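Next up: a single chain in structure tokens, the form predicted alone.
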Amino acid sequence: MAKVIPGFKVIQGGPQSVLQDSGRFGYQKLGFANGGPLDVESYYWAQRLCDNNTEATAIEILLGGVVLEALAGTVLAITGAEMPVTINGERKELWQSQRINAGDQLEIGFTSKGLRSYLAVSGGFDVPEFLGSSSTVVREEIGGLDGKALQAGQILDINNQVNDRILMLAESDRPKIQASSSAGAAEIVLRVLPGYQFEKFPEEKRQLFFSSTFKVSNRCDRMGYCLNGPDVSSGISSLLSEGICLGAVQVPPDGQPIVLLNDRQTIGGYPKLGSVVSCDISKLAQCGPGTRVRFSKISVRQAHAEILLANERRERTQLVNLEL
């Protein structure tokens, strides 16, 4: 069993760095959001590069600007957005595990492409669980360390398991970070499974939704992404509040769609066109304001097939051992 030891001291926490495991499930009925990593693909590979189980606690880093002091030797990996990484001033590669020693300083600079990166360590960070999960939901002040983003002076404990392998995910196997934090720098396509309220929208609004380009607004966070574009309002005057799934595309009276993410409210009363396929959420999570977004329709059968294919690709992808 891994020994719990102090692993890192937070020197600088960045704009918003939050501890996340795979998520908190089964408690939406009590009003608690799922939490968990927005970019599941990058989170998954950070864990694999550290020989962790894929539910271990990692740090989700928004934009960058993080400085940590190592209090013990361990192995770490950083994946996701293109953020410059140094240990004691020496540049290190993303998508590759790295050794770090006690007294070393890890710096993660600000992103040049994408929004979020994931820092995993061998054995995972040791964080008290709330309702079966360590995931931080800042809006609800639960999980992580006191339900807040990382702050200077905090000590992060780790489960320091023995791990001598230095691994790399080949560039051809890495998720493509298409979006940039620069306005209008990229375009992504999100596949949407129409929901049971889809037919309640006028035909011209449905066609407009799938034929138009929207832009990510400045209102985008872990709760959801508000988009700017043509009016696709439903005309529905009243609707009972109901549970909301990950990726739900709800349309408030102003006709501007909102894609709801991990920290979304658990119930809502706006009509919904459908939901974004779960394996496309990671792409959206790396988008900054101004990124262009288009939607395409997908069937239940197609969605299931895409998810199965994505899981199969993960399982057959082999990491490169750099010390063989």
Partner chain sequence: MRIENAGENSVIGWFADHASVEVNESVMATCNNLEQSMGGAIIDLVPSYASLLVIFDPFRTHHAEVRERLSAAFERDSSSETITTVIELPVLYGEAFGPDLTRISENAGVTEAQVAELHQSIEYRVYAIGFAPGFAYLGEVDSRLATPRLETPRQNVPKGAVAIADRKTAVYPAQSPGGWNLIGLCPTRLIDPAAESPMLITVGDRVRFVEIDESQYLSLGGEL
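Numbering follows the first chain given and starts at 1. Note that the structure is a prediction, hence the values are computed from the model and not measured.
Keep in mind that the form predicted in complex with the partner chain is not shown, yet the notes after this line are about it.
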Quick one: of 131, 155, 102, 189, which gets a non-hydrogen atom within 4.5 angstroms of the partner chain in the predicted complex? 131
With the partner left out here, check for me: in the predicted complex, does some heavy atom of residue 265 sit within 4.5 Å of the partner chain? yes
Although the partner isn't part of this model, could you tell me whether residue 206 comes within 4.5 Å of the partner chain in the predicted complex, counting any heavy atom of the residue? no
Hey, in the predicted complex, does residue 57 get a heavy atom within 4.5 angstroms of the partner chain? no
Taking heavy atoms and a 4.5 Å cut-off, does residue 244 contact the partner chain in the predicted complex? yes
Using heavy atoms and a 4.5 Å cut-off, decide whether 145, 175 and 320 all contact the partner chain in the predicted complex. no
Mind telling me which stretch in 163 to 171, 74 to 82, 90 to 98, 136 to 144 gets its heavy atoms within 4.5 Å of the partner chain in the predicted complex? 136 to 144
Are there residues in 258 to 284 with a heavy atom within 4.5 Å of the partner chain in the predicted complex, and which are they, in order? 265, 266, 267, 274, 275, 277, 278
